[in-house]
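Listed next as structure tokens: two forms of one protein chain, kept apart as structure 1 and structure 2.
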Structure 1
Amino acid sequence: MFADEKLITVPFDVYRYDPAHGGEPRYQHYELRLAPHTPILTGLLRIRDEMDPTLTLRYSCRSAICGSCAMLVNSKSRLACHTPVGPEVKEHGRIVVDPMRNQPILRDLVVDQQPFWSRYEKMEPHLILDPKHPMPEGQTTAMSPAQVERFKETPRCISCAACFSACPAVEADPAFPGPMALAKLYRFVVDPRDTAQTHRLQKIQTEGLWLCLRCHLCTEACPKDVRPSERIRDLKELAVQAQGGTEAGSRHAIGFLHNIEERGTLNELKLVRQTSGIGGLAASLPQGVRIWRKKPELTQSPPPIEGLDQVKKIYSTLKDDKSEES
């Protein structure tokens, strides 16, 4: 404790559940006197060591390096070793600690991370090399600073699963790989030593890439500023550049882009056709009729917005930037 730092009362409400001994999940209340800068993990360990030895949690390095202590703190995915008690008590009045979402609970704050790791493994998270041109044994493989820069922040990832826990797409659809898995995939797609870029982009197009909800909760949760939502965006752009509109997700993105460039607003009817084709448009016809009866203005082609020339200038600038990059 710092010499001039006063202790505060820190109320903890900790999720408790032990399926091996039956009983319903519950919250157990504890109170500690702690310095405001004290990490939440330190408080939980004091509870376990001094008040309740049955409390179960996972941790290791206590230095925000290993990612083992990821959990929900006041409903947000955090590293308990990296989150001080003071700001949480000031904002919420107490500290509610839960196990991570989207993974089965084994006991108390410990979850089974198999769903997280199994989705990651499907990304083939390793270099795929050309067997005819192996890397020289015992030698380094040099990369330019520009090539390394393309990795963005992905090497910072500590696989803590905070983003996986925060992701509503993971919760809603088991086909979605999760933010960390896709960020790692991006890292190998842009690696100049990898020879499977086309394979990776083709595979992920139909295996969950376009299921991302673009809510950016993963980026908010990440303790290492990896920004997985931005890397997912980059993956989508790379997939479209490599293959164009090969399925509904990419066709929707391309149609959306062209709609805005054309009129500055969406033509919903046209977007359905661009995404799903004539067959999809025909399948949506009953719903379109219902909408037309209630709000006919929604089925009409929208007029161009005011200032459309400014939108077109933005598009032109973006295209020029892409040309310079390539």
Structure 2
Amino acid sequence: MFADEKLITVPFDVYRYDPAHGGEPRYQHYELRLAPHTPILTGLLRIRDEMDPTLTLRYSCRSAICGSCAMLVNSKSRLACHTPVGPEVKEHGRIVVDPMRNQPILRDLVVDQQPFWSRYEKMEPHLILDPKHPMPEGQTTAMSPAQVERFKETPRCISCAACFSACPAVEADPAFPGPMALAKLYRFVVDPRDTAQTHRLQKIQTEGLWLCLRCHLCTEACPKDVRPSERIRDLKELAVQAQGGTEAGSRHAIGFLHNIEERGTLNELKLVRQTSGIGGLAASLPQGVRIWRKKPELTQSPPPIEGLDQVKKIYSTLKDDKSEES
């Protein structure tokens, strides 16, 4: 601690819940005098050691390495050992601490991480050396720096589940694997030693890849800059390029691509037909009619843009330009 750093009063409101001993969830208020740079975890441990030994939380390294202290800090998914008290008090006047979202609460700040880990395991997170698809000629288990570069962010992950806690797709749909699982999957898909790319991409396309909302809340929450949302984007592009429009999600992306090539601008109605087929269009008809009554432009084709020939030429140059060297 810097000797001359001024102490500030830090009001904590900590979520307390102990299902084993009954009672309703509640917030307990504590106040500490701390230097602004003090990690929130340090504050919580002082509460536990000096004020209330029943406070239950999970932690280990206290250095943003083990990934065990993720929780909600003023509603944001954060590592408690990596988040100083000062800025939070400045912004919110207090520090509200809750357990992570999207996982059942066991006691106080401790959650059951099973939903996080079981989704991760479904990704088959290990190298698969398929004897039917041997590694390309000349590829050994040693990788070139350029090959490693393609997944340089993913190994930084400390499995803290902050991204999982922040993800609205996880919250809304149990079929969604979650940001960390997909970022890890990406890592195996582009690993030159792994020979199960086709199997992995086929499987994930039907098992939730296209439910990612690209909201980037995971990337915002991640303490290690793994940038899961960007890896998921990469996975989608790889899936589209390798396997075409096999699912509603990939059909929509491809449909959108072709849609713009035609007029330079979006034709809303046509896109729905491309993604959902005639059956899907029929199913969405009542909703469409409701909207059309207020917004009749829905059924009009927009005029083509000026300079459409330029757009078409850009398409013909780059349409088959693969995203990454493989």
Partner chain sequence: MKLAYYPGCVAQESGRELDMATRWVCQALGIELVSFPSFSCCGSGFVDEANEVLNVALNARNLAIAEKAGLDLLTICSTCQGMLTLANLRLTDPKIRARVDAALTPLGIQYRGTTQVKHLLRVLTEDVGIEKIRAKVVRPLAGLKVGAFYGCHLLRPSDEMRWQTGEEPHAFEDLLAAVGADPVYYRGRVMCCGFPIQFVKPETASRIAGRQIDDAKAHGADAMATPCPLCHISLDAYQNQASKAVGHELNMPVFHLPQVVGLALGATPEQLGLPRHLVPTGPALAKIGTRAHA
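So that the term is clear: the rigid core is the largest set of C-alpha atoms that superpose within 1.5 Å between two forms. Counting starts at 1 with the first residue of structure 1 and goes up one by one along its sequence. Because the structure is predicted, anything quoted here is derived from the model rather than measured.
Would you check which of the pair is the form predicted together with the partner chain? Structure 2, which is the form predicted together with the partner chain, differs in this respect from structure 1.
For Arg263, state whether the C-alpha moves by 2 Å or more between the two structures after rigid core superposition. The answer is yes; the displacement is at least 2 Å.
Answer yes if the Cα of Ile314 shifts by 2 angstroms or more between the two structures on a rigid-core superposition, and no otherwise. It does shift by 2 Å or more.
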